[in-house]
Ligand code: FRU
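In the form predicted alone, a lone chain appears below as structure tokens.
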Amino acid sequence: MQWYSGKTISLPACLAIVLLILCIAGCHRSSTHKSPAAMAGKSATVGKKWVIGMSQCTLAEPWRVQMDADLKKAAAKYPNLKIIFKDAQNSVLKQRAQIAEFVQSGVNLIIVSPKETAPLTEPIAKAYKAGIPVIVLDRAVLGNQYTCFIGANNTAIGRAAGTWIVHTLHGKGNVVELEGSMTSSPGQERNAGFQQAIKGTQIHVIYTADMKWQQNIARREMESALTRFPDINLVYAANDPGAYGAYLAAKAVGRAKKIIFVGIDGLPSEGLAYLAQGYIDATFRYPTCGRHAIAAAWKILHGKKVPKHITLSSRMFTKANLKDGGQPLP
């Protein structure tokens, strides 16, 4: 065989050159055109419809209505994300059944805000062990069989409220404490932080009642306290509806102006509105966790890691700092 230089090249060498040219061409094609398998892997999450099951323990509380609204608003930014909302209506049995239903229907991820700590631990753990990521909001469960917990530090909030109360009352006075549900972690922790702050002072809790986060129950319990105790300096309620319910009871008998009212949650439409209108004297923000839950869910669904615990910040609001947006807790 002749080459253009006029020199003769052997047949084996010629075949080697041809194979080299074919190899180079093949490599070029593979670098510019992905295989169907590779393309399928790359586009596995592109355009996929993700379904999230959300079990809310109750919608009887304004704070929880706002949580669902914040979840919807955050999820609306992702057109291929769908949330199925369920209201457990303050029933542990209904919420357990809702989680089991989500598992059976094969949702991609579950978000739960538990009614109670212990009874919801098992169904959440079962979902997690079944391979479905679970984000727990606001109220913790036992153990670590979940993907992520999101919430503020309730003990720190309760302690900050107690510290403010000690300062405001100059270390002495009679206090009515209206607890949140004591079968839930926030109720227990807000009480514990408050008790830590007033320990060693001359502040006396003269009346305690579990108002289960409900304004009407708080009002009823405050009516009992007013009947029994002629000298009440302050009411510490585990949420703003509780503080407002206590205010209404005191107002009805002409004693509201002599009592200081403190709550927790700090929603603009609720606690901050009560504060602006002079119904309560202080509130401590507890974020609804909604947008944070969707941000975490989006990462999880795309195979990214998120922290086991995400602790959100809080703020204290009083009449003095309301216009300035409150004060961050340390």
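Numbering starts at 1 and runs along the sequence shown. Just so we're clear, the structure is a prediction, and the values are computed from it rather than from any experiment.
There is another form of the same protein, the form predicted together with this ligand; it is not shown, and what comes next is about it.
At the 4.5 Å threshold, heavy atoms of residue 213 reach this ligand in the predicted complex. Residue contact check for residue 292: none of its heavy atoms lie within 4.5 Å of this ligand in the predicted complex. Contact between residue 61 and this ligand in the predicted complex is found at the 4.5 Å heavy atom cutoff. Although the partner is absent here, residue 261 sits far enough away that none of its heavy atoms falls within 4.5 Å of this ligand in the predicted complex. Residue 186 is the only one of 123, 245, 162, 186 with a heavy atom lying within 4.5 Å of this ligand in the predicted complex.
Listed stretches are 228-236, 198-206, 134-142, 163-171; the contact stretch with this ligand in the predicted complex is 134-142, by a heavy atom cutoff of 4.5 Å. The partner is not shown here, and in the predicted complex the stretch 87-118 never reaches within 4.5 angstroms of this ligand through any heavy atom.
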